[in-house]
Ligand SMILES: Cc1cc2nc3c(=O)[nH]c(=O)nc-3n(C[C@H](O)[C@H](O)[C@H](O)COP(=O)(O)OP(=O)(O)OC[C@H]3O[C@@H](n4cnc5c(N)ncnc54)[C@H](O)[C@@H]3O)c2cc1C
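For reference, the chain that follows is the form predicted on its own, supplied as structure tokens.
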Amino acid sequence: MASAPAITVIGGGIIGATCAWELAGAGARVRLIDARRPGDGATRASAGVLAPYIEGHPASPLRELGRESLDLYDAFIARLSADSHRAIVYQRNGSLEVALTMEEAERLSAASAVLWREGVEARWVPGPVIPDLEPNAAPDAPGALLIPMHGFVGVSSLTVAAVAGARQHGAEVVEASGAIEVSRVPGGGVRVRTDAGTWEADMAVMASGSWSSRITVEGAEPVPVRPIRGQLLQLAASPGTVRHTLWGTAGYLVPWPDGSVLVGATVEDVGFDESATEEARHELLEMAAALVPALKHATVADVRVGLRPRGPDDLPIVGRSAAVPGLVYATGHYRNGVLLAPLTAQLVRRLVLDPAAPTIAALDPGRCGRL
């Protein structure tokens, strides 16, 4: 491979944008293509929660990958901010998972003990102490689980910074160019055909999220991801109404720096339908009011909808294609794309630029068929 390989990155969401930035920063000649504008797909409907120990209390590959990626985040944000000259919303304000029933309290208390044994700071908070941390939380909550290392990131600001950082390193960004087919080039290389043109490069990265399944890869089975609609509300509120990222069994609340609160998110298997619904609006408002009664009459300032790419085992698909040499998959992140972005971008950089770099077995595309 040439010292400065040409790379086509397919998809400009949080995964594609950060991969493009990592590759361009490492010296590759990068072209980032997207069917819309970068960040206008599932990325726009993400609350940016960084909470591996909420998404899965039991030990699992996903939880361990999430923790590994979270450990990269401070340096990742600092480097990207400096590289792009863009401000990125980022806070490690901790998460507070609030029990609304005694059964939930028992489960969270037990989870706290397990996490402490594993070396994770996870504090059990008795009901009477909750107001010291969250004055507006449900007053009758019997307890809560505080995990100080958790936080959130502004996904739009992160994606904009990644695209700007990639451009700083010479990357080309092509909008309104959705990929249709990926194929081999005789003699080596990868061809990406889109609805706006065709490009050849030394390698390509498929980071198309839910739309990966609609892109034909020569000699491969369709990527087994399906879109799961997530609806998210932004509520107008006063600063300090919510202090931590709050979790309940039905959803979460994220406090924004301007005082507004993000409320998410639904999980709906409805195909490629990106419509907002009144049913979801009602469901999310009801959940928010249960966790923080002061939000009961809050004004809905915005509604966001995105399609999260869910694979067959809820783990991302990250690794080299067996069908098209030079194609690397980085898709199927489902609800963990933001959390796993630093780790995924790092893995993709290694897989693209180092032919000897190994794939993480749990993420290998081969577990999903001939890809």
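No experiment lies behind these values; they were computed from the predicted model shown. A residue's number is simply how far along the shown sequence it sits, counting from 1.
Keep in mind the form predicted in complex with this ligand is missing from the figure; the text below concerns it.
**Student:** Within 4.5 Å of this ligand in the model of the complex, heavy atoms considered, which of V338, V30, V328, I317?
**Tutor:** Of V338, V30, V328, I317, the residue with a heavy atom within 4.5 Å of this ligand in the model of the complex is V338.
**Student:** Have a look at A204, A166, L253, A207 for me and say which one sits with a heavy atom within 4.5 Å of this ligand in the model of the complex.
**Tutor:** By the 4.5 Å heavy-atom cutoff, the listed residue in contact is A207.
**Student:** Is I15 close enough to this ligand in the model of the complex to count, meaning some heavy atom within 4.5 Å?
**Tutor:** It does: once this ligand is placed as it appears in the model of the complex, I15 has a heavy atom within 4.5 Å of it.
**Student:** Heavy atom to heavy atom, is Q231 within 4.5 Å of this ligand in the model of the complex?
**Tutor:** Yes, Q231 lies within 4.5 Å of this ligand in the model of the complex.
**Student:** Indicate whether L235 is a 4.5 Å heavy atom neighbour of this ligand in the model of the complex.
**Tutor:** So L235 does not count as contacting this ligand.
**Student:** Given that this ligand is not shown alongside this chain, does T43 nevertheless sit within 4.5 Å of it in the model of the complex, heavy atom to heavy atom?
**Tutor:** Result yes; T43 sits at the interface with this ligand in the model of the complex.
**Student:** Using a 4.5 Å heavy atom cut-off, which stretch among 122-130, 98-106, 77-85, 178-186 contacts this ligand in the model of the complex?
**Tutor:** Partner-contacting stretch among the options: 178-186.
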